[in-house]
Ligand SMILES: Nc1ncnc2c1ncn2[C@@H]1O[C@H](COP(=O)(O)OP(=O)(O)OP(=O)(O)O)[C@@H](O)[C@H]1O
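Single chain ahead, written as C-alpha coordinates, the form predicted on its own.
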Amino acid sequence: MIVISADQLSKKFTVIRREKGLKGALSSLIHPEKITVNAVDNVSFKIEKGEIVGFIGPNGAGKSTTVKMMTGILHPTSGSVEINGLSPFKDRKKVVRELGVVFGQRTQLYWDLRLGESFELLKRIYQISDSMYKANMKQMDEVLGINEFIHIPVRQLSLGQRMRGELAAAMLHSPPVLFLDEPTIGLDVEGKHSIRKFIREINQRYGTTVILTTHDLDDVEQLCSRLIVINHGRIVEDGPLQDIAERMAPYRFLVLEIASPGIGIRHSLADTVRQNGNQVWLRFRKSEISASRLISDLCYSYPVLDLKIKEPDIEDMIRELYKLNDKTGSGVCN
(Lines give C-alpha, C1' and ligand atoms only; values in the text may rest on other atoms or scores of the structure.)
Protein backbone atom coordinates (compact mmCIF):
# COMPACT_ATOMS: atom_id res chain seq x y z
CA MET A 1 0.00 0.00 0.00
CA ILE A 2 1.47 3.35 -1.11
CA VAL A 3 1.21 5.93 1.69
CA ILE A 4 3.30 8.77 0.23
CA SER A 5 3.68 9.49 -3.46
CA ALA A 6 5.71 12.32 -5.00
CA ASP A 7 5.67 12.87 -8.77
CA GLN A 8 8.07 15.33 -10.43
CA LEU A 9 7.95 17.50 -7.32
CA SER A 10 9.73 20.84 -7.74
CA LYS A 11 10.12 24.04 -5.75
CA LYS A 12 11.74 27.24 -7.00
CA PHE A 13 12.57 30.35 -5.01
CA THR A 14 13.40 33.82 -6.29
CA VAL A 15 16.25 35.42 -4.36
CA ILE A 16 18.21 38.65 -4.70
CA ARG A 17 21.93 38.32 -5.38
CA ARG A 18 23.82 40.86 -3.28
CA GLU A 19 27.29 42.15 -4.12
CA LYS A 20 29.97 42.67 -1.49
CA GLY A 21 30.66 45.99 0.17
CA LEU A 22 28.70 49.23 0.53
CA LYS A 23 28.63 49.89 -3.22
CA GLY A 24 27.30 46.41 -3.85
CA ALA A 25 24.64 46.82 -1.15
CA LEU A 26 23.44 50.13 -2.68
CA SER A 27 23.44 48.63 -6.16
CA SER A 28 21.39 45.66 -4.95
CA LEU A 29 18.95 48.04 -3.29
CA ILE A 30 18.42 50.22 -6.36
CA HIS A 31 18.78 47.59 -9.10
CA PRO A 32 18.29 44.21 -7.44
CA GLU A 33 19.47 41.23 -9.45
CA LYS A 34 16.95 38.45 -9.02
CA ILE A 35 17.89 34.82 -9.61
CA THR A 36 15.84 31.64 -9.50
CA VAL A 37 17.02 28.84 -7.23
CA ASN A 38 15.87 25.26 -7.82
CA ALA A 39 15.55 24.06 -4.23
CA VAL A 40 13.87 20.80 -5.29
CA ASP A 41 14.16 19.65 -8.88
CA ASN A 42 11.74 17.00 -10.25
CA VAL A 43 11.82 14.66 -7.28
CA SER A 44 9.77 11.43 -7.52
CA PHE A 45 9.42 8.54 -5.07
CA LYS A 46 6.85 6.28 -3.40
CA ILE A 47 6.84 5.16 0.23
CA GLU A 48 4.85 2.14 1.36
CA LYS A 49 2.97 1.62 4.62
CA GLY A 50 5.20 0.60 7.52
CA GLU A 51 8.51 1.68 6.00
CA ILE A 52 11.13 3.57 8.01
CA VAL A 53 12.87 5.71 5.42
CA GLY A 54 15.98 7.76 6.03
CA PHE A 55 15.70 10.99 4.02
CA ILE A 56 19.17 12.49 4.13
CA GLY A 57 21.46 14.94 2.39
CA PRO A 58 24.03 17.65 3.14
CA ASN A 59 22.97 21.10 4.33
CA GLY A 60 21.24 22.94 1.48
CA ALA A 61 20.42 19.74 -0.41
CA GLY A 62 16.66 20.35 -0.51
CA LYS A 63 15.49 17.76 2.02
CA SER A 64 13.78 20.21 4.40
CA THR A 65 11.99 21.89 1.50
CA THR A 66 10.76 18.48 0.30
CA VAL A 67 9.50 17.57 3.79
CA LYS A 68 7.68 20.91 4.05
CA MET A 69 5.90 20.19 0.77
CA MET A 70 4.99 16.69 1.96
CA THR A 71 3.47 18.13 5.13
CA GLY A 72 1.65 20.98 3.35
CA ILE A 73 3.72 23.83 4.80
CA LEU A 74 4.98 24.81 1.32
CA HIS A 75 3.22 24.62 -2.05
CA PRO A 76 5.24 23.06 -4.87
CA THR A 77 6.07 25.11 -7.94
CA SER A 78 5.21 22.08 -10.07
CA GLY A 79 4.54 18.39 -9.68
CA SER A 80 2.44 16.74 -6.99
CA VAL A 81 2.63 14.93 -3.69
CA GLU A 82 -0.05 12.84 -1.96
CA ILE A 83 -0.44 11.43 1.55
CA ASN A 84 -2.86 8.50 1.52
CA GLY A 85 -4.33 9.85 -1.70
CA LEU A 86 -4.78 13.40 -0.35
CA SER A 87 -2.95 16.55 -1.39
CA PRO A 88 -1.23 18.16 1.65
CA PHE A 89 -1.91 21.69 0.40
CA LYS A 90 -5.38 21.18 -1.13
CA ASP A 91 -6.78 18.96 1.65
CA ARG A 92 -4.76 20.38 4.50
CA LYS A 93 -7.25 19.76 7.33
CA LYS A 94 -7.77 16.14 6.33
CA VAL A 95 -4.07 15.51 5.82
CA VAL A 96 -3.13 16.98 9.22
CA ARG A 97 -5.04 14.14 10.88
CA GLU A 98 -2.90 11.66 8.93
CA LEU A 99 0.41 13.17 10.06
CA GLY A 100 2.54 13.40 13.16
CA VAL A 101 5.46 15.83 12.90
CA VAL A 102 8.43 16.38 15.20
CA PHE A 103 11.03 19.05 14.46
CA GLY A 104 14.09 18.72 16.67
CA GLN A 105 14.63 22.48 16.97
CA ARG A 106 10.96 23.55 17.14
CA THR A 107 8.27 22.68 19.65
CA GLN A 108 4.54 22.00 19.47
CA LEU A 109 4.29 22.01 23.27
CA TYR A 110 3.13 25.02 25.27
CA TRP A 111 6.14 26.49 27.04
CA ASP A 112 4.45 27.77 30.22
CA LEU A 113 2.02 24.88 30.72
CA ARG A 114 2.56 21.53 32.35
CA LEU A 115 3.34 18.82 29.83
CA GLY A 116 0.03 17.12 30.62
CA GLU A 117 -1.86 20.35 29.92
CA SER A 118 -0.20 20.54 26.49
CA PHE A 119 -1.48 17.03 25.78
CA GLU A 120 -4.98 18.00 26.89
CA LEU A 121 -4.99 21.01 24.54
CA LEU A 122 -3.86 18.83 21.64
CA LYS A 123 -6.62 16.36 22.53
CA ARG A 124 -9.17 19.11 21.92
CA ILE A 125 -7.46 20.43 18.78
CA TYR A 126 -7.48 16.97 17.17
CA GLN A 127 -10.90 16.11 18.70
CA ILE A 128 -9.56 12.87 20.18
CA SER A 129 -12.14 10.80 22.05
CA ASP A 130 -11.65 10.19 25.78
CA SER A 131 -11.18 6.46 25.26
CA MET A 132 -8.55 6.91 22.52
CA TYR A 133 -6.76 9.59 24.54
CA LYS A 134 -6.50 7.38 27.63
CA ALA A 135 -5.36 4.37 25.59
CA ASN A 136 -2.74 6.40 23.71
CA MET A 137 -1.45 8.08 26.87
CA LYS A 138 -1.04 4.67 28.49
CA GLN A 139 0.88 3.36 25.48
CA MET A 140 3.07 6.48 25.28
CA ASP A 141 3.96 6.04 28.95
CA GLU A 142 4.85 2.38 28.38
CA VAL A 143 7.26 3.31 25.60
CA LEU A 144 8.50 6.76 26.65
CA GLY A 145 7.92 6.87 30.44
CA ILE A 146 6.27 10.30 30.22
CA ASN A 147 4.34 9.96 33.51
CA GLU A 148 7.63 10.60 35.31
CA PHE A 149 7.53 14.28 34.25
CA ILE A 150 3.99 14.88 32.97
CA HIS A 151 3.26 17.41 35.76
CA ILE A 152 6.37 19.51 35.11
CA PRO A 153 6.08 22.75 33.05
CA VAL A 154 7.54 22.31 29.58
CA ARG A 155 10.10 25.09 30.14
CA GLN A 156 11.60 23.10 33.04
CA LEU A 157 12.02 19.84 31.14
CA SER A 158 15.44 18.62 30.11
CA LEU A 159 16.07 18.33 26.37
CA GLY A 160 15.64 14.55 26.51
CA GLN A 161 12.36 14.82 28.42
CA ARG A 162 11.06 17.48 26.05
CA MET A 163 11.83 15.35 23.00
CA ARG A 164 9.98 12.41 24.56
CA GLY A 165 7.08 14.78 25.16
CA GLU A 166 7.23 15.98 21.54
CA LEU A 167 7.04 12.40 20.27
CA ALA A 168 4.11 11.59 22.53
CA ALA A 169 2.31 14.75 21.36
CA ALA A 170 2.88 13.83 17.70
CA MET A 171 1.35 10.38 18.24
CA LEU A 172 -1.65 11.38 20.41
CA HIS A 173 -4.08 11.24 17.47
CA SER A 174 -2.65 7.94 16.16
CA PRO A 175 -1.39 9.24 12.79
CA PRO A 176 -0.38 6.58 10.25
CA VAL A 177 2.57 8.73 9.05
CA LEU A 178 5.25 10.29 11.25
CA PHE A 179 7.79 12.89 10.04
CA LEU A 180 10.85 13.25 12.23
CA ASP A 181 13.32 16.06 11.57
CA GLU A 182 16.53 15.66 13.63
CA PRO A 183 14.71 13.97 16.57
CA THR A 184 17.94 13.11 18.42
CA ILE A 185 19.80 16.40 17.92
CA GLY A 186 21.65 17.48 21.06
CA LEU A 187 20.68 14.38 23.06
CA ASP A 188 23.03 12.25 25.11
CA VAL A 189 23.50 8.51 24.53
CA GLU A 190 20.62 7.54 26.83
CA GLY A 191 18.27 10.09 25.24
CA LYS A 192 19.08 8.86 21.73
CA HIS A 193 18.48 5.27 22.82
CA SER A 194 15.02 6.17 24.17
CA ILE A 195 14.00 7.96 20.97
CA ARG A 196 15.21 5.15 18.71
CA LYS A 197 13.43 2.58 20.87
CA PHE A 198 10.21 4.59 20.55
CA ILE A 199 10.48 4.79 16.76
CA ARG A 200 11.02 1.04 16.46
CA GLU A 201 8.17 0.34 18.87
CA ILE A 202 5.51 2.40 17.11
CA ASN A 203 6.60 1.07 13.74
CA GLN A 204 6.31 -2.55 14.88
CA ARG A 205 3.21 -2.11 17.02
CA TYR A 206 1.10 0.14 14.77
CA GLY A 207 2.74 -0.15 11.35
CA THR A 208 3.46 3.59 11.45
CA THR A 209 5.28 4.88 8.37
CA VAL A 210 8.29 6.95 9.45
CA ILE A 211 10.23 9.48 7.38
CA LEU A 212 13.42 10.36 9.23
CA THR A 213 15.49 13.41 8.31
CA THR A 214 18.76 13.41 10.21
CA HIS A 215 22.48 14.14 10.14
CA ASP A 216 23.06 11.47 12.79
CA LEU A 217 24.06 8.46 10.73
CA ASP A 218 23.70 6.19 13.77
CA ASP A 219 19.95 6.93 13.54
CA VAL A 220 19.98 5.81 9.92
CA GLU A 221 22.03 2.69 10.57
CA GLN A 222 19.94 1.53 13.54
CA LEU A 223 16.46 2.40 12.26
CA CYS A 224 16.19 2.61 8.48
CA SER A 225 15.78 -0.20 5.99
CA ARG A 226 15.61 2.23 3.07
CA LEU A 227 17.58 5.34 2.22
CA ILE A 228 16.66 8.30 0.02
CA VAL A 229 19.66 10.57 -0.54
CA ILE A 230 19.05 14.04 -1.96
CA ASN A 231 21.72 16.46 -3.17
CA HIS A 232 21.46 19.65 -5.25
CA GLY A 233 17.68 19.25 -5.10
CA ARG A 234 17.71 15.87 -6.84
CA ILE A 235 17.49 12.31 -5.59
CA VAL A 236 20.86 10.66 -6.10
CA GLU A 237 20.11 7.34 -4.37
CA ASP A 238 16.92 5.53 -3.41
CA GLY A 239 16.93 1.93 -2.28
CA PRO A 240 17.56 -0.54 0.54
CA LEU A 241 20.30 0.64 2.87
CA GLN A 242 22.14 -2.66 2.59
CA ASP A 243 22.19 -2.54 -1.23
CA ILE A 244 23.55 1.00 -1.26
CA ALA A 245 26.18 0.09 1.33
CA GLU A 246 27.36 -2.91 -0.67
CA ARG A 247 27.62 -0.86 -3.87
CA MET A 248 29.25 2.23 -2.36
CA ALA A 249 31.47 0.38 0.10
CA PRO A 250 32.32 -2.97 -1.52
CA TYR A 251 35.02 -3.71 1.02
CA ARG A 252 35.30 -4.90 4.61
CA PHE A 253 38.00 -4.70 7.25
CA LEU A 254 39.76 -7.54 9.03
CA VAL A 255 41.36 -6.44 12.30
CA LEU A 256 44.08 -8.80 13.53
CA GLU A 257 45.92 -9.02 16.81
CA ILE A 258 49.28 -10.69 16.16
CA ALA A 259 51.84 -12.19 18.52
CA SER A 260 54.69 -9.85 17.54
CA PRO A 261 54.45 -6.16 16.57
CA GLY A 262 57.31 -6.41 14.10
CA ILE A 263 55.63 -8.82 11.71
CA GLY A 264 54.56 -7.42 8.32
CA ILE A 265 51.21 -8.86 7.23
CA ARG A 266 50.79 -9.36 3.47
CA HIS A 267 48.12 -10.90 1.27
CA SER A 268 47.66 -10.52 -2.48
CA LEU A 269 43.92 -9.75 -2.13
CA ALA A 270 44.07 -7.45 0.90
CA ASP A 271 45.68 -4.10 1.69
CA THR A 272 47.24 -3.21 5.03
CA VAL A 273 45.71 0.18 5.88
CA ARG A 274 46.88 0.54 9.47
CA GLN A 275 49.27 -1.11 11.92
CA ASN A 276 49.54 -0.06 15.53
CA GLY A 277 51.74 -2.32 17.59
CA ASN A 278 50.17 -5.76 17.63
CA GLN A 279 47.01 -4.61 15.84
CA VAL A 280 46.80 -4.73 12.05
CA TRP A 281 43.91 -3.50 9.87
CA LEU A 282 43.47 -5.12 6.45
CA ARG A 283 40.96 -3.99 3.82
CA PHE A 284 39.60 -6.45 1.26
CA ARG A 285 36.92 -6.49 -1.43
CA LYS A 286 34.01 -8.79 -0.71
CA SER A 287 33.72 -9.68 -4.39
CA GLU A 288 37.36 -10.86 -4.59
CA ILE A 289 37.76 -12.94 -1.45
CA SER A 290 35.53 -14.13 1.36
CA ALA A 291 36.30 -13.26 4.97
CA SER A 292 36.61 -16.95 5.86
CA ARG A 293 39.16 -17.55 3.10
CA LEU A 294 41.24 -14.51 4.07
CA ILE A 295 41.18 -15.51 7.75
CA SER A 296 42.22 -19.06 6.87
CA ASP A 297 45.13 -17.83 4.73
CA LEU A 298 46.43 -15.40 7.34
CA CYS A 299 46.04 -17.76 10.30
CA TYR A 300 48.04 -20.37 8.39
CA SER A 301 50.88 -17.94 7.61
CA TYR A 302 51.03 -15.67 10.67
CA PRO A 303 50.77 -15.98 14.49
CA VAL A 304 47.24 -14.53 14.87
CA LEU A 305 46.01 -14.23 18.47
CA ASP A 306 42.62 -12.67 17.84
CA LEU A 307 40.60 -11.15 15.01
CA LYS A 308 37.34 -9.43 14.12
CA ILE A 309 35.49 -8.36 11.00
CA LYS A 310 34.46 -4.71 10.75
CA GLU A 311 32.05 -3.29 8.20
CA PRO A 312 32.85 0.10 6.61
CA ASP A 313 31.49 3.14 8.40
CA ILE A 314 28.17 4.34 6.99
CA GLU A 315 29.48 7.90 7.27
CA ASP A 316 32.23 7.05 4.79
CA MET A 317 29.64 5.58 2.44
CA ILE A 318 27.45 8.70 2.53
CA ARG A 319 30.49 10.90 2.02
CA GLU A 320 31.35 8.94 -1.11
CA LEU A 321 27.78 9.42 -2.39
CA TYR A 322 28.07 13.19 -1.95
CA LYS A 323 31.46 13.26 -3.68
CA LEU A 324 30.15 11.34 -6.68
CA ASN A 325 27.15 13.61 -7.01
CA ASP A 326 29.18 16.80 -6.61
CA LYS A 327 31.23 15.80 -9.66
CA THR A 328 28.10 15.69 -11.84
CA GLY A 329 25.58 17.88 -9.98
CA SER A 330 25.03 21.58 -10.24
CA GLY A 331 22.87 24.30 -8.79
CA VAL A 332 22.26 25.68 -5.32
CA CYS A 333 19.50 24.31 -3.12
CA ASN A 334 17.75 25.24 0.10
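Numbers follow the displayed sequence, beginning with 1. Nothing here was measured: the structure is a model prediction, and the numbers come from that model.
Beyond what is shown, the protein has a form predicted together with the named molecule; the following relates to that form.
Asks: I'd like to know if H215 sits close to the named molecule in the predicted complex, meaning any non-hydrogen atom pair within 4.5 angstroms.
Replies: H215: contacts the named molecule in the predicted complex.
Asks: According to a 4.5 angstroms non-hydrogen atom cut-off, is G60 in contact with the named molecule in the predicted complex?
Replies: Yes, contact at 4.5 Å.
Asks: Can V53 be called a contact residue for the named molecule in the predicted complex at 4.5 Å between heavy atoms?
Replies: Heavy-atom contact with the named molecule at 4.5 Å: absent for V53.
Asks: With the partner left out of view, is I295 within 4.5 angstroms of the named molecule in the predicted complex by any non-hydrogen atom?
Replies: Close contact is absent here: in the predicted complex, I295 is far from the named molecule, nothing within 4.5 Å, heavy atoms only.
Asks: Since the chain is shown here on its own, which stretch among 282-290, 303-311, 33-41, 267-275 would lie within 4.5 Å of the named molecule in the predicted complex, judged by heavy atoms?
Replies: Selected range: 33-41.
Asks: Exactly one residue in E182, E98, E82, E237 has a non-hydrogen atom within 4.5 Å of the named molecule in the predicted complex; which is it?
Replies: Of the candidates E182, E98, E82, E237, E182 is the one lying within 4.5 Å of the named molecule in the predicted complex.
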